[in-house]
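The chain below stands alone and is given in C-alpha cells; this is the form predicted on its own.
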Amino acid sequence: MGEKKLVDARGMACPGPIAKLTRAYREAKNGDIIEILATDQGFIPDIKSWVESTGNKLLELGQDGSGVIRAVIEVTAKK
C-alpha cells in the first residue's frame, strides 16, 4: 500500500471538490489512498462518475450525521 492523502473540500461547491481531488490525484501513485471530505450533496454522484471515468477504485462512500461526505479512493489507474 502506498501513501494516504487527505483532501478537505468541505464548504466547497461543485465542481470544487472534484477539482481538488483531481489535483491530489495528479500527484498520487498507484497504491496510494486518497480520502476526501466534502459537504456539497452533488459530490456523491460526482465522485461515483469520477471513479468510473478514471478507472480507480472507490473503497468507501458515506455521510455522517453532520452532513460530511467521506469518500476513500484507491489509486489503481495511473500509467
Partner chain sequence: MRALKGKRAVIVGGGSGGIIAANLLAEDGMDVTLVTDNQYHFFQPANLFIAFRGDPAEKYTRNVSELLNPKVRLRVERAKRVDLGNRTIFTESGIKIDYDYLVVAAGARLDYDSLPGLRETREMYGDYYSTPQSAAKVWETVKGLQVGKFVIAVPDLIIKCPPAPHKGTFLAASYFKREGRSVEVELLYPSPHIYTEAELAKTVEEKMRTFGNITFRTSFMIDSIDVEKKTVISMSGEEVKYDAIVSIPFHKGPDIEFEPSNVKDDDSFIKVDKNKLNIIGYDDSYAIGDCTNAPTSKTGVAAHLGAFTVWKRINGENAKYSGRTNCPMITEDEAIFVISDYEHKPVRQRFSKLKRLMEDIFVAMYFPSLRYPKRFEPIFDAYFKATEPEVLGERGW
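Computed from a prediction, not measured in an experiment: that's the story for all the values here. Positions refer to the first chain, counted from 1.
Keep in mind that the form predicted in complex with its partner chain is missing from the display, and what follows is about it.
No member of the trio Val7, Glu35 and Gln63 reaches its partner chain in the predicted bound form with any non-hydrogen atom inside 4.5 Å. Put simply, Gly67 is far from its partner chain in the predicted bound form: not one heavy atom of it is within 4.5 Å. At least one heavy atom of Met12 is located within 4.5 Å of its partner chain in the predicted bound form. Under a 4.5 angstroms non-hydrogen atom cutoff, its partner chain in the predicted bound form lacks Lys57 among its neighbouring residues. For Arg26, a non-hydrogen atom is located within 4.5 Å of its partner chain in the predicted bound form, even though that partner is not displayed. Contacts between 47-63 and its partner chain, taken as any heavy atom within 4.5 Å in the predicted bound form, involve Ser49, Trp50, Ser53, Thr54.
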